[in-house]
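One chain follows as structure tokens, the form predicted alone.
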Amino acid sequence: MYNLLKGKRGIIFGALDENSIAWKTAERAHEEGATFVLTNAPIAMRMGQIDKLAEKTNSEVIPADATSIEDLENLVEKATEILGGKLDFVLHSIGMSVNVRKKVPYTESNYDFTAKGWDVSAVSFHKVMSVLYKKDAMNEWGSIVALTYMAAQRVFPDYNDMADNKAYLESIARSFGYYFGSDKKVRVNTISQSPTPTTAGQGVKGFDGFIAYAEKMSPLGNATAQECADYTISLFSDLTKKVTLQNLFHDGGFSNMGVSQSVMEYFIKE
């Protein structure tokens, strides 16, 4: 380990179980010397094992609905009190689509479901940053990171309205990141990760096919959840102080590929 986050404080949203990128990021942040608060929605906490992670990383858990300003204000106030000062990093690892869960086709979207997923997956990021900004809760040169997926730019039919949510999430990162950078010297970025077999990801129809295809297309293969955690730590560290407003592809090169030899071989008739 490198002590990259020694003395740094933060909040990590979205750790559900050992498959979660947020879970692995918390483990790595702890290894690199950070202290942090863990948070998730109460219903997600009942489904997951966050208390196990808290014990492992000597962290406290503060339940919060990321769509509730009141909950977020309470979270930030308690976190800065528990941690003994302003924050240096925040990870937003939250995503949910009721349309996906209910297997509603994109062309037949239930718009009440759409609004709920949009609020949880994207608008919550604006709300988190709004509370942090208004409370002046981030230290200068702090880092805020959200996780996204390339369906924000390209068509993956079965990703459904989560593609729209991720596109909006990335726009929020850029727009709010401008103000956070100009006014607070805080950087805001998104990581566009390879398809990863997390609990949430596996809810998408055809997800195994996503993973297999991306593996064959990517020169370096798919990035794992553990590797994403490592990359996230680098963005929390002082080594990336001037990186902001970026959507950073962490996908083994998939995002720049047109076609790979291994995919072509599948279609070429002998």
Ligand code: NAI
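We number the residues from 1 along the sequence you see. In this text, all values refer to a predicted model and were calculated from it rather than measured experimentally.
Keep in mind that the form predicted in complex with the ligand is not shown, yet the notes after this line are about it.
Of the residues given (L53, I233, A41, V37), A41 alone sits with a heavy atom within 4.5 Å of the ligand in the predicted bound form.
D65 is the sole member of E215, E227, D65, E31 with a non-hydrogen atom within 4.5 Å of the ligand in the predicted bound form. Proximity of G95, Y159 and K166 to the ligand in the predicted bound form is complete: all three residues have a non-hydrogen atom within 4.5 angstroms. Although the partner is absent here, P195 lies within 4.5 Å of the ligand in the predicted bound form, judged by heavy atoms. At the 4.5 Å threshold, heavy atoms of A173 stay clear of the ligand in the predicted bound form, well away from it. In the predicted bound form, the ligand stays beyond 4.5 Å of every heavy atom belonging to G10. Contact annotation: Y149 falls within 4.5 Å of the ligand in the predicted bound form, judged by heavy atom distances. This chain is displayed without the ligand, yet in the predicted bound form the stretch 140-148 from 77-85, 140-148, 105-113, 181-189 comes within 4.5 Å of it by heavy atoms. Residues of 232-265 are not found to place any heavy atom within 4.5 Å of the ligand in the predicted bound form.
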